[in-house]
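The chain below stands alone and is given as structure tokens, in the form predicted on its own.
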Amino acid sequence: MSSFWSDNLPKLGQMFAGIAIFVAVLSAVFFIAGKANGKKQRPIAILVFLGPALLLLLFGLLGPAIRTFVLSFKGSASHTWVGFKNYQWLFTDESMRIVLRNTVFWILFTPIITTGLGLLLAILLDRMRRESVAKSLIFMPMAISFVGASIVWQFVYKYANPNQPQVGLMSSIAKHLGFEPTNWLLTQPLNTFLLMIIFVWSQTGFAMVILSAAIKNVPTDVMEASALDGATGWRLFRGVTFPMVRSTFIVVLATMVVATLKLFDIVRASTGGNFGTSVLANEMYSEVFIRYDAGRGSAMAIVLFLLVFPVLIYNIYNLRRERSIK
């Protein structure tokens, strides 16, 4: 016990000293802000409220981003410069081509299916009685982590030898229909799409709730006027409902794209990235924390950032355009 305190007491002292310095500086800043008046009051207030956030942004986000960019041009031990070799390996290695292909598949299919299914459910449930019950059931998987969802779906994709009873739902259905069950998570590229189903099942409720709120915000007089003009069904959705919720649809779609690009949990918990199912985020983790190659892992992080950045820029542009129209 004495050795524990002797080893950790200096660290605890440093931690409490840092907290004390932070509280003292913050108290001094607020004291100065309270005493300020006249023309100095506004810039000091801006400094007080924005200063800590800018410092956290600088040291917590911008600094690590710059360091990651620098490390992407270094070797595995981060001591020697290798130029663009990490990026060359990323786009030319055969195994990495499979990873990039899977990432493209995830980007192309998962966000569109998730957001489209959420919009469809929002429209259908909006006309139901006691819609809150159905929406709660559909939204419930959102409360489960991706790891938990992957464990749940393991019972769906589970496969047993032909001489044993099939307890997996897919294998049982296939056997009942007269087909020979297979080890679903080992079959390429089917296994990648089976993992996508887990994401869709988990996130569709989120898309449905956001889009349902947007649909309910559509003015009733506009809907009634369109109905009087003969717009019903598909014509009403295409000409009135969807244009009114387009901005919300784009925001949800962009959110799903970002969630897809940083996806790690489902792949890691289901297959560990084996059997041709790995994606960029999973490989980045493997390179940095398993193979201890910070250079290649940093290169993957930069590629992920470059893929996310246009989505965020377009999202901001679309929101500003919608505000200018209103």
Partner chain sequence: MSLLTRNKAPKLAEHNAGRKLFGSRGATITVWIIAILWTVPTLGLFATSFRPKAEISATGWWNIFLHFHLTLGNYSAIFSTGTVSGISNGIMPYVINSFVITIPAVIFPITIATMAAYCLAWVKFRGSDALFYGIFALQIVPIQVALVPLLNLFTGGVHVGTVTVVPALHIAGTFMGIWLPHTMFALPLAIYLLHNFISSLPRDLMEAANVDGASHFMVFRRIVLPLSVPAIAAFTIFQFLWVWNDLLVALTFTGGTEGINPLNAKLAGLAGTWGSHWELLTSSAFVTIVVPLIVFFSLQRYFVRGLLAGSVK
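Because the structure is predicted, anything quoted here is derived from the model rather than measured. Here the rigid core means the biggest group of C-alpha atoms that line up within 1.5 Å when the two forms are laid on top of each other. Residue numbers count along the first chain shown, from 1.
The same protein also has a form predicted together with its partner chain, omitted here; what follows describes it.
**Q** Pick from V82, I98, L71, L253: which has a non-hydrogen atom within 4.5 Å of its partner chain in the predicted bound form?
**A** So the residue touching its partner chain in the predicted bound form, by this definition, is L71.
**Q** Can you work out whether its partner chain is within 4.5 angstroms of a heavy atom in all three of V104, G116 and N183 in the predicted bound form?
**A** No, the candidate spot makes no contact with its partner chain.
**Q** For the chain shown here without its partner, which stretch in 104-112, 213-221, 87-95, 185-193 has non-hydrogen atoms within 4.5 angstroms of its partner chain in the predicted bound form?
**A** Of the stretches listed, the one contacting the partner is 213-221.
**Q** May I ask you to state whether V209 is within 4.5 Å of its partner chain in the predicted bound form, using heavy atom distances?
**A** Within the cut-off, so yes.
**Q** Report whether the minimum heavy atom distance between I19 and its partner chain in the predicted bound form is within 4.5 Å.
**A** Flag for I19 set to yes.
**Q** May I ask you to check whether F30 falls inside a 4.5 Å heavy atom distance of its partner chain in the predicted bound form?
**A** Within the cut-off, so yes.
**Q** Would M15 show up as a contact with its partner chain in the predicted bound form if we use heavy atoms at 4.5 Å?
**A** Yes, M15 is a contact residue.
**Q** Taking heavy atoms and a 4.5 Å limit, what residues of 61-80 are near its partner chain in the predicted bound form?
**A** Counting only heavy atoms within 4.5 Å of its partner chain in the predicted bound form, the contacting residues of 61-80 are L61, L62, P64, A65, R67, T68, L71.
**Q** Would you say I290 moves its Cα by 2 Å or more between the shown form and the other one, aligning on the core?
**A** Shift at I290: below 2 Å after core fit.
**Q** Taking 2 Å as the cut-off, check whether the CA of G18 shifts that much or more between the shown form and the other one after a rigid core fit.
**A** Result for G18: yes, a 2 Å-plus shift.
**Q** Taking the rigid core as the reference frame, is the Cα of L50 displaced by 2 Å or more between the shown form and the other one?
**A** Shift at L50: 2 Å or more after core fit.
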